[in-house]
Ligand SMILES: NC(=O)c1ccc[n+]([C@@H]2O[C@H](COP(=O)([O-])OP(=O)(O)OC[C@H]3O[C@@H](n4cnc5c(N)ncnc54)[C@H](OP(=O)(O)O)[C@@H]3O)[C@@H](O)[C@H]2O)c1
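Before any questions on binding or motion, here is one chain by itself as structure tokens, the form predicted alone.
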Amino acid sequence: MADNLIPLLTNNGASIPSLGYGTMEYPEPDRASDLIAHSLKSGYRHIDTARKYGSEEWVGQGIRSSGVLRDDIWVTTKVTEDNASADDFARSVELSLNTMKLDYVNLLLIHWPSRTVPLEETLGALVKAKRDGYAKNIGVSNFTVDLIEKAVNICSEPLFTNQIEYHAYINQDKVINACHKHNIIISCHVPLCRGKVLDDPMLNKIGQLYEKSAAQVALRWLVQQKNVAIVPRALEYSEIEENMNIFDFHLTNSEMDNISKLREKNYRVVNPEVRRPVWD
């Protein structure tokens, strides 16, 4: 990976930038590829997408127009639970690569656990994608403690990450401890609780001490934890720069502890009834 200001997290011999650019939901799709390209030009080296997001085409366009070498960019995509069977899974991976015009992704995830297809079958397809060279690393997303334990026992390749909802307003200690137990990096989607943390009095007060926004404090709290990566989205150039500028200050132990108390709210914003597991 290219040298930049974003710290790397290393697992199983691979290094992922701890800050990635999330590409879910663009209110103005015509700006999507431009924003992705700008993030790379600004120093991002990690792009997070998924078939379900509908953003893979823009990711490919953004990468090509950025001028940044493909080998210097970490690309993550995901296979939806609708494609959990082996044949559908393989077709989804092929479609993702063709859409982005890439030969491989750095990380391929099972987006949500399937309620109808056995986990053994889906994990087998995930492993095959890696062994066929379509994914450098593999992992899961939205997996509970029970599902993590089952996946580790079933999977014949190491799992790199579990991408979960994690922010200052939710307690994910059980899942995080399970990930640490099995040497699985935690990747956080919706790390700002879809904007709900931005008005938090404590985060704003701490931010004033460092001349940072509440968003920057909330993101810093996450990346200052062990083996935690984040993939916030950004819909303006200014938000891209804001997300980048979280590595030039350090929260004290007291500040980290005080922010951690906000998790008592236990507020979950990603909870689709049609695909959610039984949460811990």
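These numbers were taken from a predicted model, which means no experiment stands behind them. A residue's number is simply how far along the shown sequence it sits, counting from 1.
Keep in mind that the form predicted together with the named molecule is not shown, yet the notes after this line are about it.
Q: In the model of the complex, is there a heavy atom of the named molecule that lies within 4.5 Å of any heavy atom of Met24, even though the partner is absent here?
A: Contact with the named molecule, yes.
Q: Using 4.5 Å between non-hydrogen atoms, is Gln163 touching the named molecule in the model of the complex?
A: Flag for Gln163 set to yes.
Q: With the partner left out of view, is Ser33 within 4.5 angstroms of the named molecule in the model of the complex by any non-hydrogen atom?
A: No, no contact at 4.5 Å.
Q: Check whether Cys193 has any heavy atom within 4.5 Å of a heavy atom of the named molecule in the model of the complex, and answer yes or no.
A: Yes, Cys193 is a contact residue.
Q: Among Leu198, Ile154, Leu209, Ala86, which has at least one heavy atom within 4.5 Å of the named molecule in the model of the complex?
A: The option sitting close enough to the partner is Leu198.
Q: Which of 115 to 123, 138 to 146, 200 to 208, 90 to 98 has heavy atoms within 4.5 Å of the named molecule in the model of the complex?
A: Every other range fails; the passing one is 138 to 146.
Q: Could you pull out the residues of 227 to 259 that have any heavy atom within 4.5 Å of the named molecule in the model of the complex?
A: Result: Val231, Pro232, Arg233, Ala234, Leu235, Glu236, Glu239, Glu242, Asn243.
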